[in-house]
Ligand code: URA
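To begin, one chain is listed below as structure tokens, in the form predicted on its own.
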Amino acid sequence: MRLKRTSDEAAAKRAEPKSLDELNAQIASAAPLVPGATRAVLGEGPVGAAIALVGEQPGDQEDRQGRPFVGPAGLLLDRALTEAGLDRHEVYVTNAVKHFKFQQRGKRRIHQKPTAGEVRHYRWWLDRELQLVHPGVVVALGATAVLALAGKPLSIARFRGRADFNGRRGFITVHPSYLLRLPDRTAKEEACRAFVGDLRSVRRLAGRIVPSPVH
């Protein structure tokens, strides 16, 4: 059965944004699908970037600052990018879901994983965003990003590495927050090295792509 589009998505498609600025204005003005989020957290980075990194959703710090990957997972990502020989300012960074979903516990806002329906709600925004940015390689950071990009759940353990996201050249790896949650120090160090290795593979893959005109 075909799912009915949400009103936000239908309105966006009618407007058909021709630039990233137009798309971002639409996302910023759309009501959050989940209650409590302060703002939509938009993608960040150059149009035509060789690499786009797609995470799950904004976290507490991202919601407060209005920028992607500025919390603990973002700091770990920055270090891994540097170690892999990549410049954060030269890649495009965004999330599959644009608003922070959380549960309030006292003064703390605890991250809540998006549902498949919530990922689907934002999928059109992400697809159009990537069309406008036109990266050479799209990297899925974690299972939610894989679901958004592939349109179906795929095991990170089984499909980690190069991927095809409906015609887009892609790569699947873990989300930095997964590395932060590993309790064993040795396991965490090994997982971080593997993550940096993935980013190096992405850099090599992007380096072999002949750029095409940005539309």
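Only a predicted model underlies this, so the values are computations on that prediction, with no experimental measurement involved. Numbering starts at 1 and runs along the sequence shown.
The protein also exists as the form predicted in complex with this ligand; that form is not presented, and the subsequent description refers to it.
- The stretch among 28-36, 154-162, 51-59, 182-190 whose residues place heavy atoms within 4.5 Å of this ligand in the model of the complex is 51-59.
- The partner is absent here; in the model of the complex, the one residue of Leu130, Ala143, Leu86, Ala73 having a heavy atom within 4.5 Å of this ligand is Ala73.
- Scanning 67-98 for heavy atoms within 4.5 Å of this ligand in the model of the complex gives Pro68, Phe69, Ala73, Asn95 in sequence order.
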